[in-house]
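The chain that follows stands alone, in the form predicted on its own, written as structure tokens.
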């Protein structure tokens, strides 16, 4: 089921939480709303869900217009047929795993084949043997899997996820991220995922929408967002960026390369060469993260396959094909 957001905006007092926004999510697409705290990503998710009402614009889910200021249409959240997963799990502590998953079905008075459907949902999240346990008897990862099961048991076509993994440790996040993406693919769900974690967004998304101050800055696939950021803010927010001095740059133009594009050997005759001072070396298992100083105003990060000596001077090569020029001021 597709999602179409047309001219939606939302203000809280004097704060423009979501400025006029136009966004289409295709059926069975997994997109991530990414940005720092206060950028408007959670507000936009809640507008889709019907938990907040826009000041203007329209929201269409599939063939159904669920909100229109102009047409005075306002379908409440419980009638939009969406699944939602929250950051804090939102489980009832006094209910068993089975009853937590069944809660939405009972609330809708949709109890036909209830046991079969609840067990199906728990099977999908690999919690078949946990039906009689209470939330306090589960780990954080297991609790979040219960919330996933509760979101899919009603068989929605769209699932909304508000930073669902941020309360978990790194190892659990990796495993649940893979499970979540596999599950949405298997069930044919359209997914809108909210996070401030760039690594999470890059690894899970078909498309990333980078937001700042209620505005969508870039709306492309992860490769484009990483390799060709359209603003200095996106370049600095997604991954690490190195800015290199180039002749011929116009005012408010910045030449950028990523850390893995700095190399110790020359691949082509026209590669750019820079002599730099090694100021720090960190071993990360699969690579070395090296801090390099070109001059007092220019410090780079490089990901290198072998150790270089700290305080030594090395020559770094950069392919012209790897250089991406960004238009705009340093704060954009």
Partner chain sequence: MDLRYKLIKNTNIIIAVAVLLVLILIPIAMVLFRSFLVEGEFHIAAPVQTIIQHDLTEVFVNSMRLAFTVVVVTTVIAAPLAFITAKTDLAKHRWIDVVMLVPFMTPPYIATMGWILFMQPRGIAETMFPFFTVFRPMFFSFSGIVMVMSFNLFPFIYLVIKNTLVEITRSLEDAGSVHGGGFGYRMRRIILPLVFSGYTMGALLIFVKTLAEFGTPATLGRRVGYYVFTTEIYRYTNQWPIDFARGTALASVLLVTCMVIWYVQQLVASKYAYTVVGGRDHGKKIYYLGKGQIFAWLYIAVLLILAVGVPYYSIITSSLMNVWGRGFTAGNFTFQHYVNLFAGGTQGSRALWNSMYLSFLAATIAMMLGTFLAVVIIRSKGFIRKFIDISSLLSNTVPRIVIIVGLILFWNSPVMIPVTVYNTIWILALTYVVAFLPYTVQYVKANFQQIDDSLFHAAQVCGAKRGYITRRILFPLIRPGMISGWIMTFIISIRELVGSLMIRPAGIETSATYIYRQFDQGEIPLGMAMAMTTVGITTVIMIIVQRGRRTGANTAN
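Positions refer to the first chain, counted from 1. None of the values given here were measured: they were computed from a predicted structure.
Although it is not shown, the form predicted together with the partner chain is what the next lines describe.
For the options 77, 131, 167, 246, the one in contact with the partner chain in the predicted bound form, meaning a heavy atom within 4.5 Å, is 77. Of the residues 136, 71, 250, 112, just one reaches the partner chain in the predicted bound form with a heavy atom at 4.5 Å or closer; this is 136. Just one listed stretch, out of 295-303, 33-41, 48-56, 259-267, contacts the partner chain in the predicted bound form at the 4.5 Å heavy atom level, and that stretch is 48-56. Among residues of the shown chain, residue 178 is not one whose heavy atoms approach the partner chain to within 4.5 Å in the predicted bound form.
The partner chain is not shown here, but in the predicted bound form it comes within 4.5 Å of a heavy atom of residue 86. Proximity of residue 240 to the partner chain in the predicted bound form falls outside the 4.5 Å heavy atom cutoff. Contact annotation for residue 108: at least one heavy atom lies within 4.5 Å of the partner chain in the predicted bound form. Interface residues of 87-101, taken as those with a heavy atom within 4.5 Å of the partner chain in the predicted bound form (partner not displayed): 88, 90, 91, 92, 93, 94, 95, 99, in sequence order.
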